[in-house]
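What follows is a single chain, given as structure tokens, in the form predicted alone.
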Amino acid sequence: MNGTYYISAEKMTVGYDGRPLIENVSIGVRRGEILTLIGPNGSGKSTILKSMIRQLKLIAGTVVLDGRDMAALKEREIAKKLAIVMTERIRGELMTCRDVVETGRYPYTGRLGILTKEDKAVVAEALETVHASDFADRPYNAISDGQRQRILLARAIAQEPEVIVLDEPTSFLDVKHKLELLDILKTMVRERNVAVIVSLHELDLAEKISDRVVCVADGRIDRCDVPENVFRDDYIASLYGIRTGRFNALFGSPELPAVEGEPQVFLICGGGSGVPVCRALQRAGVPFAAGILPESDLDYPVAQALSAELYAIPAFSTASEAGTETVRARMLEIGRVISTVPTFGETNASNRVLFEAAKAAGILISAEEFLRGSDA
């Protein structure tokens, strides 16, 4: 393993009751870096994390923290370096949110656990960091799941750790708080040089936040690489065994399967303007054709996933006159056209031909009309 890793698993075998689930796990994270685990449900992401933080006993191998075998470290030593945010709920009866966050300071207190003025200042700053100051004195058991997740993160921040391990921290958060939490992590990594290991289900978030990604599947570490080499349509489909629909690497999101059948609408689009119409047609159960799209266009991956017929050309190229005429004839045969493109430049002359032919035939409707609820 690379000696610069702040925490690393070396030839680690993990499992339950002595039965291996994943063998020969060798991963690590440096300070100032976010390492994200992704993979199907039940693949072992949480098991790896729990084994690294000693919640599960290792079957084989070692975990090294700041250059030392964690097995030789005392709990208080570990707690000063490593903070944990797991999915299990803590018992917070008779505790306020502030009380829960204050437990993050116990590695630094004496036997009686009495907090100093400095400790309380750290707690207040941690609550402010996760935007939880306004409910800090409410009972912990009386807040929402999303608020609890923010309090648990504040507790981890209050430990002033060198590394934070999080298991599915965004599971109970709405979009706003997902983004806030991940922004907090990125800020801590950048400003405090913290190392972060996190497991995520949301591939779009994993793609945006990660410095490196560990892919777990079929009882093994399938790949560990930078996001650009992981989040590809074909690889994600293989990793998750996707058989229905597909993963859209450009948008970092899954796409439902295309509606099968003879196209009822022809879509002229480009530059990302066609994405909402493609999805609206799919939701309405309307099979459609789309074109003429260069493979470099923002609309191409969504149209490729959702259209019944797609007329595409190579990236950064223009359609031939013969090819344009073939598509024009097919468009007129379909007999109904939606255009999301108001103007056409030199490189998009073929779609101007389609647009003008649809307008002359009286079969053109606007995207705005369709999205307002006109009958598709």
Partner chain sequence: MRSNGRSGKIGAAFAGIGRVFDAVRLPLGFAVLLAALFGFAFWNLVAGTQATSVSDAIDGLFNPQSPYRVIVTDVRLVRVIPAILLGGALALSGFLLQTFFANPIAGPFILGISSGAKLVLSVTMIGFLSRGIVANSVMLIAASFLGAMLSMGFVLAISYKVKRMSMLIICGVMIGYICSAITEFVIRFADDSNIVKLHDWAMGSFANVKWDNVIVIAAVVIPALIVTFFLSKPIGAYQLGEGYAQNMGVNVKAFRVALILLSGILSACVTAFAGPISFVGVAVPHLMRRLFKTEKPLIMIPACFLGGAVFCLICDLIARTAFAPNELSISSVTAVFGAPIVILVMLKRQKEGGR
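None of the values given here were measured: they were computed from a predicted structure. Residue numbers count along the first chain shown, from 1.
Beyond the structure shown, there is the form predicted in complex with its partner chain, which is absent from this document and is the topic of what follows.
Under a 4.5 angstroms non-hydrogen atom cutoff, its partner chain in the predicted complex has E93 among its neighbouring residues.
At the 4.5 Å threshold, heavy atoms of A83 reach its partner chain in the predicted complex. Among heavy atoms of F172, none comes within 4.5 Å of its partner chain in the predicted complex. Interface membership of P107, defined by any non-hydrogen atom within 4.5 Å of its partner chain in the predicted complex, is confirmed.
Note on the partner interface in the predicted complex: the residue among R76, K176, K117, R190 having a heavy atom within 4.5 angstroms of its partner chain is R76. A heavy atom within 4.5 Å of its partner chain in the predicted complex is found for one listed residue only; from G113, P257, P139, P276, this is G113. Proximity of D99, L152 and Q159 to its partner chain in the predicted complex is complete: all three residues have a non-hydrogen atom within 4.5 angstroms. In plain terms, the part of the chain that comes close to its partner chain in the predicted complex, with a heavy atom within 4.5 Å, is 49-57 out of 26-34, 330-338, 314-322, 49-57. Counting a residue when any of its non-hydrogen atoms is within 4.5 Å of its partner chain in the predicted complex, there are no hits in 322-360.
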